[in-house]
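In the form predicted alone, a lone chain appears below as structure tokens.
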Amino acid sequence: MFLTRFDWKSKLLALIVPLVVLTVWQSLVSLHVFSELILIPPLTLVSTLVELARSGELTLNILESLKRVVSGFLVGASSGFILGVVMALSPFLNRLFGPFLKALQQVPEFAWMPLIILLFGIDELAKVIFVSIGAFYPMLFNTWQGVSGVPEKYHELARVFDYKPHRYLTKVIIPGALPSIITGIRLSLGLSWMFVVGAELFGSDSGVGYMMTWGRQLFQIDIVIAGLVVIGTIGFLMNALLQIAETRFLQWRVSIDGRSA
């Protein structure tokens, strides 16, 4: 009961900042500190979102962006997962690839965009590659960390039962590293969503980023801000759902490990 009340208080507390932002926003517009052409009123923003949703334009652009997110995430996250497992299990490959990949990680992701455009143009492939870069590194290093951190007693148990490589991987390595892998999935998916919008801003004929660019070119600030709200809301929902899944899995894992002990 105490935990339930605490959760509700936390949720109510989290509403304070958004309400303050809305109040200040409306006050600045009402006092004519900024022109309504630049800083639109909150009610106008709501009206724009409703109109975009009613016309189907918002749904179409969101679906196009999500399609690119899924494609880029699958390519980048799966590549990061495989390489992370291989590097963690092979000290030689870790020494060979580790320093190079860590150096590449320091390059800002958006710095890759000019090179990607030169090599692949601004078609769908370029957007998928850009998104996959964002998904790659969190999955790689979280998988590497998780596999490297599998307790030695699990390895000894696998040797005792003479596990074949496939069984050793699926029954020992992956389950032992799963909490870290799930964290990598959450971070990779979040970055994929941010990167797809950035890719669409560079050049696209659909997607949330395209919608914002189109609004900017027509000086329709309400569409630009609506795009920001949509990006933030979807990103927040993605992260929240994956955090819930991660928390529930970790609770299940703790209970299983407790019974095993």
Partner chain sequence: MKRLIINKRTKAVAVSVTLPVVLLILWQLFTCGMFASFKLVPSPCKVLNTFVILFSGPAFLHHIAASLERVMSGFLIGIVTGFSFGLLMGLSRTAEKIFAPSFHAVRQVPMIGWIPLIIMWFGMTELPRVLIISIAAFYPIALNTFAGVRNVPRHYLELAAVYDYKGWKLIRRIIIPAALPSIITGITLSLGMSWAILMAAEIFIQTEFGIGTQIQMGRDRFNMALVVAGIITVGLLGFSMTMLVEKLAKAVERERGIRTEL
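We call the rigid core the largest set of C-alpha positions that still match within 1.5 Å between the two forms. Positions refer to the first chain, counted from 1. The structure displayed is predicted, hence computed values, not measured ones.
Not pictured, yet referred to below: the form predicted in complex with the partner chain.
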Joint contact, 137, 163 and 179 to the partner chain in the predicted complex, by non-hydrogen atom at 4.5 Å: no
Per-stretch contact check against the partner chain in the predicted complex, the hit in 115-123, 137-145, 71-79, 155-163 (non-hydrogen atom, 4.5 angstroms): 115-123
Residue 168, heavy atom within 4.5 angstroms of the partner chain in the predicted complex: no
Contact label in the predicted complex: residue 241 to the partner chain, heavy atom within 4.5 Å: no
Partner proximity in the predicted complex: residue 212 to the partner chain, non-hydrogen atom cutoff 4.5 Å: yes
4.5 Å heavy atom contact, residue 235 to the partner chain in the predicted complex: yes
Partner contacts for 208-247, taking the partner chain in the predicted complex and a 4.5 Å heavy atom cut-off: 212, 215, 216, 219, 220, 221, 224, 225, 228, 231, 232, 235, 236, 239
Core-aligned C-alpha movement of residue 244 between the shown form and the other one, 2 Å or more: no
